[in-house]
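First comes one chain, alone, set out as structure tokens in the form predicted alone.
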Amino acid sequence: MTPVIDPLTLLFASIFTSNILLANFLGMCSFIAISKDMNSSNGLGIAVTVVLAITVALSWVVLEYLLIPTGLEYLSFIVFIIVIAAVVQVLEMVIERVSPALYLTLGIFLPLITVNCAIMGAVLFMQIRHYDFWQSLSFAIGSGLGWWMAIMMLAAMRKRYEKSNVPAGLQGPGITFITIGFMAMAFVGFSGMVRVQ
């Protein structure tokens, strides 16, 4: 049974109150590694948002019109991985053609979007929560925008405390993890408004 959640509410909730990164901690590796630079963070945020929107929409179509009617839902995990890998491969070719500088900056993290747990997590949430197409699409776009917003915020803060007097024991990963913790706590403050289950 499909939950009765308005797609606009779902979009808002997936950006703020149920942020896939700061509430579910999915997609942390590339989030921490790339957030040292604003341009790279922006490029990866856009790429993750595009991949999330396309893969969740395609996965929903494949699930509803191919796997469920043929009784092959047990193959959904493998099929979702194939859909994600195909979308990332196409996006990688497009970025390499359109912006070689961004392609070189993102480096190994662009093809690693294929195994970014935020992408697979969003696809599996869509399946587990039985979202309809518009709910799935708004959830995917909201999750991507939330991930993008979080990486841009962390990149801005890391740029800022690069020039700050951080105690020696906290420099590097220490201050980064503390910052992420404070960001996650700040986003938890929105959870009283609306939360997606």
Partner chain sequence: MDIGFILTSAVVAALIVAVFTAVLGLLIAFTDKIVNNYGEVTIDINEGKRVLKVNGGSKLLSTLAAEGIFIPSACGGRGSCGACKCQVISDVGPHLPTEIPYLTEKEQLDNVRLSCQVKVKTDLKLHIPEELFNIKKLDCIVERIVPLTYDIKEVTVRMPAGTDLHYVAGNYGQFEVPSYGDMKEPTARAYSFSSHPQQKETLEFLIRLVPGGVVTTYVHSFLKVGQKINVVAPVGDFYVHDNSATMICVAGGSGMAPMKSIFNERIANGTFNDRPIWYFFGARTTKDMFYLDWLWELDANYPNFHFVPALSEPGPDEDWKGPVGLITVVLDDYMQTKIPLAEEKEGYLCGSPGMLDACMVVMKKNKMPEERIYFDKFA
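Numbering follows the first chain given and starts at 1. Heads up, when I say rigid core I mean the largest set of C-alphas that superpose within 1.5 Å between the two forms. A quick note: this is a predicted structure, and the numbers were derived from the prediction, not measured.
Heads up, the form predicted together with the partner chain isn't pictured, but that's what we're talking about next.
At a distance threshold of 4.5 angstroms between non-hydrogen atoms, I46 is out of contact with the partner chain in the predicted bound form.
Proximity of L104 to the partner chain in the predicted bound form falls within the 4.5 Å heavy atom cutoff.
In the predicted bound form, the partner chain sits within 4.5 Å of a heavy atom belonging to E96. Proximity of N165 to the partner chain in the predicted bound form falls outside the 4.5 Å heavy atom cutoff. The partner is not drawn, yet in the predicted bound form one stretch among 59 to 67, 145 to 153, 22 to 30, 131 to 139 has residues with heavy atoms inside 4.5 Å of the partner chain: 59 to 67.
Contacts of stretch 80 to 100 with the partner chain in the predicted bound form, defined by any heavy atom lying within 4.5 Å, are made by I82, V83, A86, Q89, V90, M93, V94, E96, R97, listed in sequence order.
Positional change of I95 between this form and the one not shown reaches 2 Å or more at the C-alpha, relative to the superposed core.
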